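Taking the form predicted on its own, here's one chain by itself in structure tokens.
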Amino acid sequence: MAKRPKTIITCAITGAIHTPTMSDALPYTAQDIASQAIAAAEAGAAILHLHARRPTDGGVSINPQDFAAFLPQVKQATGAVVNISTGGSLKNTIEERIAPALAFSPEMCSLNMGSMNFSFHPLAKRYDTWKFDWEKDYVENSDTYIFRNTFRDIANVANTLAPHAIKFEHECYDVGHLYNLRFCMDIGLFKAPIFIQFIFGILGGIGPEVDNLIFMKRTADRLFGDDYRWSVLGAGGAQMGLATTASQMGGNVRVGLEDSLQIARGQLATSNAQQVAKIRRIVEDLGCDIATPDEARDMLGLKGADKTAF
């Protein structure tokens, strides 16, 4: 019997687009982001997906100075792969969103593969108090937002960051995004092996059912053959169930407070590391080994931490 591939755990430490600070566990200061990222790596995360926030009010930041406040500390304290978001805020241009990646030339960046309605406005009815003044309006009005990722935007990101040899985490929220990615590969924007993050459970994207995971995986197999690696992100209460299923299908997993504030349905997580430890325990109990950061680098063809600019 062939040995099962090791499972890469990605941890998304603190969200920007869709995660207001509705849990005290969600970090927003540079020190808290660094501390939680380091703890997540120690718990078993090979890849750390990082956003920055304004330290004054927890709002979205794409200011490279806010990334600089924690990136060197994370690199020095862990061997983990650093993956910087290009998502930014739903109100930022693509040029603004890639500024941190241009400044720091990380090993990986996220890249959304299509424009979409991206809404989380139902959350507004679930909370009576908010930590910061901006949050309620931002959440309530998200039913008017379009997360813009046009073909020109995607090409802009690919061409601008090409000299940096960055591997993209191609975030696909629906099956059409897989076809977008195939087209982009056909015109030479991205080279194999690519890394796809299947995302389930965001309002505006595909739902968090196992049938949809199987459908997305079959479609990717048909479109990319052996030229891709894949991972699964389940939003909210779907996080652990879909991650467990993905690990048993030979895929990789993403957890973290960006994607879900819970450790179990109805129970808030105390940290990112708690989520990493839980999915690691599940994966290992079901007979899989987790990948180290260097093994993840080899599996994904990354340039190495020594070639980053932080």
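So that there is no doubt, residue numbering starts at 1 and follows the sequence shown. In this text the structure is predicted, and so the values were computed from the model without any measurement.
Quick note: we don't show the form predicted in complex with (5S)-5-amino-3-OXO-hexanoic acid (KMH), though the next part is all about it.
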Quiz item: Just to confirm, F190 within 4.5 Å of (5S)-5-amino-3-OXO-hexanoic acid (KMH) in the predicted complex by heavy atoms?
Solution: no
Exercise. Although (5S)-5-amino-3-OXO-hexanoic acid (KMH) is absent from this view, report whether I199 comes within 4.5 Å of it in the predicted complex, heavy atoms only.
Key: yes
Quiz prompt | in the predicted complex, G87 touching (5S)-5-amino-3-OXO-hexanoic acid (KMH) (heavy atom, 4.5 Å) | solution = yes
Quiz item: Does (5S)-5-amino-3-OXO-hexanoic acid (KMH) get within 4.5 angstroms of any non-hydrogen atom of S119 in the predicted complex?
Solution: no
Quiz prompt | Per-stretch contact check against (5S)-5-amino-3-OXO-hexanoic acid (KMH) in the predicted complex, the hit in 128 to 136, 209 to 217, 181 to 189, 109 to 117 (non-hydrogen atom, 4.5 angstroms) | solution = 109 to 117
Quiz item: Counting only heavy atoms and a 4.5 Å cut-off, does (5S)-5-amino-3-OXO-hexanoic acid (KMH) in the predicted complex sit next to every one of H49, Y173 and L233?
Solution: yes
Quiz item: Of 257 to 273, which residues get within 4.5 Å of (5S)-5-amino-3-OXO-hexanoic acid (KMH) in the predicted complex if you count heavy atoms?
Solution: E258, D259
